[in-house]
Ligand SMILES: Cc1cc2nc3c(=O)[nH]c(=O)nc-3n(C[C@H](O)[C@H](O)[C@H](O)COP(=O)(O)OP(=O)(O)OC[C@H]3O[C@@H](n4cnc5c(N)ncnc54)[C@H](O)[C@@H]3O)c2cc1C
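The data below hold one chain only, encoded as structure tokens and taken in the form predicted alone.
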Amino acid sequence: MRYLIIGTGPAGIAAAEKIRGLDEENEILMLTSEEIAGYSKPLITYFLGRKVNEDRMFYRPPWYFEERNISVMTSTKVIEVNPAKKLVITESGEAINYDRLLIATGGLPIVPEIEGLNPSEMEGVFTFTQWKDSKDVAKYITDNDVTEAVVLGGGLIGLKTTEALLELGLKVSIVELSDRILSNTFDKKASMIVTSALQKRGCNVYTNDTIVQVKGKKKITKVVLKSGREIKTKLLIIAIGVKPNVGFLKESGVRVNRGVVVNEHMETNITDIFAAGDCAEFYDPRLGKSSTIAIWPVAFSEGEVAGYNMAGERVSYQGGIPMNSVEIAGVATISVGNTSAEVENVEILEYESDKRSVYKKLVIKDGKLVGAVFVGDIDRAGIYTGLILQKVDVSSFKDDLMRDDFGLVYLPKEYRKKLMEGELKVWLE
């Protein structure tokens, strides 16, 4: 028996750990196109900003795999999967057999078509999703005496990258197509607090705009926006999002929609092939739709479920919710669940303090908390997250949810009892 896992991110590693916990004997082989395995991708911006060193980048150090008898092949890109022969083909032409296969290839950065832009030929243009990107950008800044940068994309990746560049002393301009930054999770009030904090750090924020042209011969020198504005720059970071890395499955017969379609056991439509993480698309009965949620906790949970099932223990995935926690320009933020007021039949509870730049929003639907946003004050955010995850009816204590001292004492006795008995997990981090 050989368990073959394509990808060494959170989904792949979680699966390998669960497999090894149930099966101590059979071979586990992991493949990654990257040069390094077991590092934390959420930390690559902190590495660029010199907030963490190389040692802290690893959440599973190299010796970890050897200790658990897990083989890892780095710099190995898979270009084809052949289910009939149970083989994967690598870019170098090597054919690797498997008995059970997990596709955990994560996402690829989206690069839009822009006049004059050819990232492979023009220096100074980068995407930012891997540790290598962080090292390449740092080297380019030093070698070319870069003092200004443009970041295309005001989502989470773009803002975390902006934060790192600001830490290095660069003047940054953010260009965002939407009417506000972090538009997927933040409303206008939350977005304006973060925007104001960025502007105080000397950052320019251009919304309702995008880059239509890049100028420069061998190196980038300028970007032209749709509004007509021109910005001189030696560095452009493209951070408008990621898409599931599934192109190599084109001729495999594995069902792919936006991502690899899986059931509650993380199984694909082909026997002995599983998928998990940012590349997987799961139908969530709670939402009534299929989705890919590209965040670390969801990827890890899906990987665990895949690992259990690959090793023969039948486990079902219960679905995940979007969760993001990040500090931007000194402002702590957390968003959990469905934070949009555009959903039908929801009740919105809000609190804001102009003096402290604090904003809180809770979204309630059918008596249950379904989403929350915290900006500037994230105390007790873990308790609200627990209420969302456990689908607790908050009707009886709704009026207490926005109290400054809201805590476990306000929760139903039955819920508190289950917490005390360890039946529930409360997210207090």
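As the structure is a prediction and not an experimental result, all values here were calculated from the model. Quick note: we count residues from 1 along the sequence shown, nothing fancier.
Just so you know, the form predicted together with the named molecule exists too; it's not on screen, but the next bit is about it.
- Relative to the named molecule in the predicted complex, residues G371, L389 and D393 are all farther than 4.5 Å at every heavy atom.
- Among residues of the shown chain, V336 is not one whose heavy atoms approach the named molecule to within 4.5 Å in the predicted complex.
- At the 4.5 Å threshold, heavy atoms of R258 stay clear of the named molecule in the predicted complex, well away from it.
- In the predicted complex, no heavy atom of R100 sits within 4.5 Å of the named molecule.
- In the predicted complex, the named molecule sits beyond 4.5 Å of every heavy atom of K232.
- Partner contacts here mean any heavy atom within 4.5 Å of the named molecule in the predicted complex, and among 145 to 153, 196 to 204, 209 to 217, 103 to 111 they occur only in 103 to 111.
- Put simply, of G319, G241, P297, G116 only one has a heavy atom within 4.5 Å of the named molecule in the predicted complex, and it is P297.
- Taking a 4.5 Å heavy atom cutoff to the named molecule in the predicted complex, the contacting residues in 41 to 65 are K41, P42, I44, T45.
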